[in-house]
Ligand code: 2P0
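The chain below stands alone and is given in structure tokens; this is the form predicted alone.
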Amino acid sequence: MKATARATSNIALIKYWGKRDITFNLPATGSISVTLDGLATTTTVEFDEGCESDEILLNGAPAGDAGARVTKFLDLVRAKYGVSAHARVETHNDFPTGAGLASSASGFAALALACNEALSLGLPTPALSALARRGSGSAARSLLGGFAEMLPGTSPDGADAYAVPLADPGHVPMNMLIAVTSSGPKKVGSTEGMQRTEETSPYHPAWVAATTQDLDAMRRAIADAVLEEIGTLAESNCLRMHASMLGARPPLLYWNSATVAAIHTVWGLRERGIGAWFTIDAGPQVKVICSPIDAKAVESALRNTPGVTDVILTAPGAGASIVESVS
């Protein structure tokens, strides 16, 4: 009844921004991501009939609003699989939480995997991915290593909405450097931001339509291991998503001045003949794709960018795993 799981963040190369169903947390479009070898969440879940309510700690302190999302997920697990016991949950992130670094992806992937192990559910990977999706849409992808695609599905209950593998971590020789421009939580969460964009931005339908073409192109680029095409597509898709956000009322701007400075740093590197391409999620951090041979030059340029407080060097990594299990 107790298990510890570890999962890492994933960064979407082709993003989703919007939901076709909020209740089942179903994305409006598919998405493609790369799971990283750093930015890890370690989660321990212990179900105990003696607990009167769920006890949730995040980085050693009561989880607050984040704990409510965990309890909602645990309620889903209890209802779906006939479990009566409440749980103790201890989660630790080794990177900033809620700051646009996909901590919810690694967090709910680790939580879903730990619940599966602690309760001996024996869920196959597609079902486990669909379960993780209920906590966070991007968590469905963090269960898998390397490159993965989230299928939006067509079923009303989301049974066919889960992540599938596209390529192993070593298939595309690449690094991803994360330029950290803020460590605080973002003011508008992704779920709220998506809903606002869908309801008020005139550019959102065009974003959804363009994403289908981007998905097809990215699949081919990953299969052929063409880093320049992967980077070019990721950067273009990112800018389209943020353009749709800017069209919302009130507008959504997750960037700060250092975000913009880092964008210009990446463009400057390309002008010098160094292959580097950026992508930005719903937050101010800038993720930069490059070849391993260019990683040092890219890291140096980012560290010298005004407002960048840290640079994290990562690469494609393995999927979620069980660290410990106690029956």
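The numbering used is simple: start at 1 and walk along the sequence shown. Keep in mind it's a predicted model, so treat the numbers as computed, not measured.
The discussion below concerns the form predicted together with the ligand, not included here.
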Original post:
Do Ser104 and the ligand come within 4.5 Å of each other in the model of the complex, heavy atoms counted?
Top reply: yes
Subject >> Any non-hydrogen atom of Ser136 within 4.5 angstroms of the ligand in the model of the complex >> reply: yes
Original post:
Met241: heavy atom within 4.5 Å of the ligand in the model of the complex?
Top reply: yes
Subject >> Ser201, heavy atom within 4.5 angstroms of the ligand in the model of the complex >> reply: no
Subject >> Listed range touching the ligand, judged in the model of the complex by heavy atoms within 4.5 Å, from 83-91, 191-199, 118-126, 211-219 >> reply: 191-199
Subject >> The unique member of Ala40, Ala28, Ala63, Ala282 whose heavy atoms fall within 4.5 Å of the ligand in the model of the complex >> reply: Ala282
Original post:
Which residues, if any, of 1-19 lie within 4.5 Å of the ligand in the model of the complex when only heavy atoms count?
Top reply: Ala12, Lys15, Tyr16, Trp17, Lys19
